[in-house]
Each structure stands twice: as structure tokens, then as C-alpha cells.
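Form predicted on its own, single chain, as C-alpha cells, below.
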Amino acid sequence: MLSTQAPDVRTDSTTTALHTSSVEAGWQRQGKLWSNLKELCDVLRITSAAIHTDEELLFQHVQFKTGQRIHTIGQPFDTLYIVHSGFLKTVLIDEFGNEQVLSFPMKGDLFGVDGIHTKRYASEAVALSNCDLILLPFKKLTALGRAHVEFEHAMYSVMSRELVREQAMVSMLGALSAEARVARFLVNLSERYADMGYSSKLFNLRMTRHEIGSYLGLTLETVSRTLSAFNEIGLITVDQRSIGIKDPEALRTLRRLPPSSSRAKQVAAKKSKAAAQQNDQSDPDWGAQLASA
């Protein structure tokens, strides 16, 4: 990402209009940060080798603080958003103010596509942490598609990637138990962290358990109870919002948790085995027996 401040001559009428609408929507902008086409492709994880990258073609960054809304339901559509850093949620809101979480965009994800059809955003996007987003005005995207066919095809691929993820989610909701939904969610989140270059074994949940439940079609209590059960049988570790993945393969293939009585026996057996190993290691003859073995 370019760190130098872009001069005013780089802002065309489209950018000026975007800035005006941003201010009207209450967006917070910190300075002027820009990315070129190659950097934009890198964030989206698409190849830019075949695309002629014009250093003068720049895309504006906008920063949002935790809790700020990026766009609201019914707001006129003119821009797609690429997550450069941070975590968000997209939601539907019913007439009673209840939220249904649709997705959790994070670095490298594209959102705002639901506004293309009706020219108005069909969902609301909210920052779950401080975020840095790259603005991709739709008019600029269509113009780029005409000039760079490879880029247009790559953007179709990105949109398809998001669609496939949503379809997998719908399939999961209809076919899996509550425990399996939470397990697959953790595996998916782990893989997405790995794609971003972070640890897939230890990460923080940026979303609340209530938001996870809304996304998975479960209650907050079910999500909390399932995470505790996973922790109890050693599939994960839980420390408030910190999650450690101990057995990703078991989480990936889990269908249902064993009954609580069986889990208690499993935990007791593990504790008994750990205690026996600790006793063996504290035995003064243990070292000599190990050496002679």
C-alpha cells in the first residue's frame, strides 16, 4: 500500500462524489491512503501478472472504527468494498430490529455485491474491529472490465468464491447438527486465518457468541455449551475469546457430540492417564528404568 499522501490532482469527479457521500453517511476518514491495481489484486488473492498495472490508477482507502456502519439496508449502491484489514459482519434486520448475521468479511474478502441487482444495498455491514477498506466504485469496476478482460474474469472468480462460501453455509445449516455446525465454523475460521497468513491453531474470535449463533442458526446458549464441551474433550482450548484448535480433523468430521455421561468418562480416563504418567515421571526409579529399557 502506498504510504505517501496522494496529491489532490489524483482525485477525479467520481472520487470526489464518493468522498461527499461518505461524509454524509458519517464515515470517518483518516488521511488519504491509496492502493494501485496490483496491490488491489494482491489483497483479493488474484493474479495480476496478465494485467497491465497503471501506477496512476489508484483506489481510495477508508478507515472505520469498531461498531461503525459501512453501508445500511436500502442505501443507494455505488461501491464495492475490499477488506484490507479488520473484521466485519453483514446482517439483515427485520421490522423488530432483530439481526440475522449473513457473513463475517475479513482480509481479502469482497462485500457489497448484493447492491448490484436493485442498485440498493440489501444488507447492512458493520465493523467488528477497526477496519481499513478499499473502495471499488462500481463504475470504475465496469470500466476496468472493458479495458482489462483478465481483471474482469478475476473479479467474477472472487464473486463466485463468496457465493460458494454462502452455498456451503446454507447446505451446512440444513444437514448438520448444532455441534457439527460450530465445529465446521471453527475449522472454516481457522482456514481463513491461515489464508491471511495468521496462525490457524490459535486465534481470537472477533464476533460474539450471540453473533456466531445468529450466523449458524443457533442460540447463544447452544454455542457457549458446545464450545465448553469441545474444550472439555480436548478438541479446542477456550480462554474467553481466544480459541486454540487442538484436533482440526476431529472437528472437520464431527457429526454429534457423545452424551454428557460418555464425555465425563472420557475426561476421567484422560485425567487418570495423565496422573499415571506424572506419577511415573516422579518415581525415583523411573529414570533408571527408562535408561535400562
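Quick caveat, the model's predicted, so the values are computed rather than measured. Residue numbers run from 1 along the displayed sequence.
In what follows, reference is made to the form predicted together with another copy of the chain, a form of this protein that is not presented.
J.: Picking from 185-193, 127-135, 109-117, 201-209, which part of the chain touches another copy of the chain in the predicted bound form when contact means heavy atoms within 4.5 Å?
T.: Correct option: 109-117.
J.: Can you work out which of L141, A180, I73, L220 has a heavy atom no more than 4.5 Å from another copy of the chain in the predicted bound form?
T.: None of the other options qualify; the answer is L141.
J.: Since only the chain is shown here, I'm wondering whether V83 would be in contact with another copy of the chain in the predicted bound form (any heavy atom pair within 4.5 Å).
T.: No, V83 sits far enough from another copy of the chain in the predicted bound form that none of its heavy atoms falls within 4.5 Å.
J.: Is the gap between R255 and another copy of the chain in the predicted bound form 4.5 Å or less for some heavy atom pair?
T.: Looking in the predicted bound form, residue contacts with another copy of the chain include R255, since a heavy atom lies within 4.5 Å.
J.: With the cut-off set at 4.5 Å between non-hydrogen atoms, does E152 touch another copy of the chain in the predicted bound form?
T.: E152: contacts another copy of the chain in the predicted bound form.
J.: Quick one: is E162 in contact with another copy of the chain in the predicted bound form, heavy atoms, 4.5 Å cut-off?
T.: Flag for E162 set to yes.
J.: Within 4.5 Å of another copy of the chain in the predicted bound form, counting any non-hydrogen atom, which residues from 157-176 show up?
T.: S157, M159, S160, R161, E162, L163, V164, E166, Q167, M169, V170, S171, L173, G174, A175, in sequence order.
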